[in-house]
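What follows is one chain in structure tokens, specifically the form predicted alone.
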Amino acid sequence: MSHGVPAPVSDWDVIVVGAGPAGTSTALSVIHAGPGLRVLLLDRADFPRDKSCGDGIAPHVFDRLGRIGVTGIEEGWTPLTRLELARGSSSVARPMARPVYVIPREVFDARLVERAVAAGATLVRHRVTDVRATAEGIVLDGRYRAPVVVGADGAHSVLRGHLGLRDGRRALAIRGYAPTPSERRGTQVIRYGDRRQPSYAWAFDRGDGLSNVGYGELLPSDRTDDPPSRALLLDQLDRLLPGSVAAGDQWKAHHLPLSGWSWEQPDGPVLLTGDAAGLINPMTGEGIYYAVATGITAGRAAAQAFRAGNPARAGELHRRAVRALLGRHLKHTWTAARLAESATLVEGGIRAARRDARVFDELVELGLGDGRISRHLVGHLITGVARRTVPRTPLTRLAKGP
């Protein structure tokens, strides 16, 4: 046996680091845009595997997947049509304009992995720790090399660190599973707390007798305060949804890198998607739609840049596509999250949604999809809900658009 001889480098057309929804959507998109391209999908875990998440899948996710020929991921799971929002004594419960699904990530992610492998991607279990840019391409751990590499490696992304991008604001959440009470069957429940906003507990019925239950809150921006402990998170969950903690199990906590007013993606052959890109809705903590949508744009950009023989242009292509898709929306969700720091405004918005179905639908779209703050929503917040607490000028300017 020989010693000290480095293993040969394995060459690929595109490498995707991370096989969650962002990574598998990227791989599927590469193959859809460039049939025959050699795609390597790296992940530190075997699938199926559990992942801490609220498990809610918005209809926009299936819309995006359908555009690259991926359908049926939700088969066997029950669509939910009702959402309850509450803070204090204010509450609203209405049917949503479109149903959502609550699918455990152990199932959802594994199905996407299966589709990516069936489409032609090669899945390898490997934890990436080192990223080097060379004249021959991007080399990972001295073992894998490609002209374009996509980082879909989550909240603590190695690829994001390689690009030297700063982290934005974060939230911390804990999730478990508990039996669904009869009064919450077929419903998604969100109940806002009174700690650092936005903070809320949730209970999302899976339709199989269990609910995904959890609680999350914004972390301090200056990072001088201690983050909330596991005990505190569970205490807040039990206060807002009594009985959930005693009945629940499989508790897992996770960080949420929240999106900001704008979004960064450097030029070059290294792209970021999903949590690694800091793309989680700061108003709700929802991230799967962003993961799938930006994974698809990254895959398209990677395939286009590779086939043009210009991998360095991949970053620019991806950045333009994401900004065209989400740029204005991100500004609106950032604004909504800042406004949600006011408990008075949150309660007023809930009351407005109870009176007006369109307000309810617009809040859902803003929190789960790619919605915006409309003039209609602004009008209800300003004139009928929280006249004294809502700054007129920023909201009105957003409602009018750029």
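In case it trips you up, residue 1 is the first one in the sequence shown, and so on. Keep in mind it's a predicted model, so treat the numbers as computed, not measured.
Only in words, not in the display: the form predicted in complex with a small molecule, which the text now covers.
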The one residue among 315, 198, 287, 248 placing a heavy atom within 4.5 Å of the small molecule in the model of the complex is 287
Here the chain is shown alone; which of 51, 60, 38, 351 has a heavy atom within 4.5 Å of the small molecule in the model of the complex?
-> 51
Using heavy atoms only and a 4.5 Å cut-off, decide whether all three of 13, 147 and 166 touch the small molecule in the model of the complex.
-> no
So which of 72-80, 119-127, 226-234, 178-186 is the stretch with heavy atoms within 4.5 Å of the small molecule in the model of the complex?
-> 119-127
Does any heavy atom of residue 306 come within 4.5 Å of a heavy atom of the small molecule in the model of the complex?
-> no
Is residue 336 close enough to the small molecule in the model of the complex to count, meaning some heavy atom within 4.5 Å?
-> no
Find out whether any non-hydrogen atom of residue 319 is located within 4.5 angstroms of the small molecule in the model of the complex, and reply yes or no.
-> no
So in the model of the complex, does any heavy atom of residue 280 sit within 4.5 Å of the small molecule?
-> yes
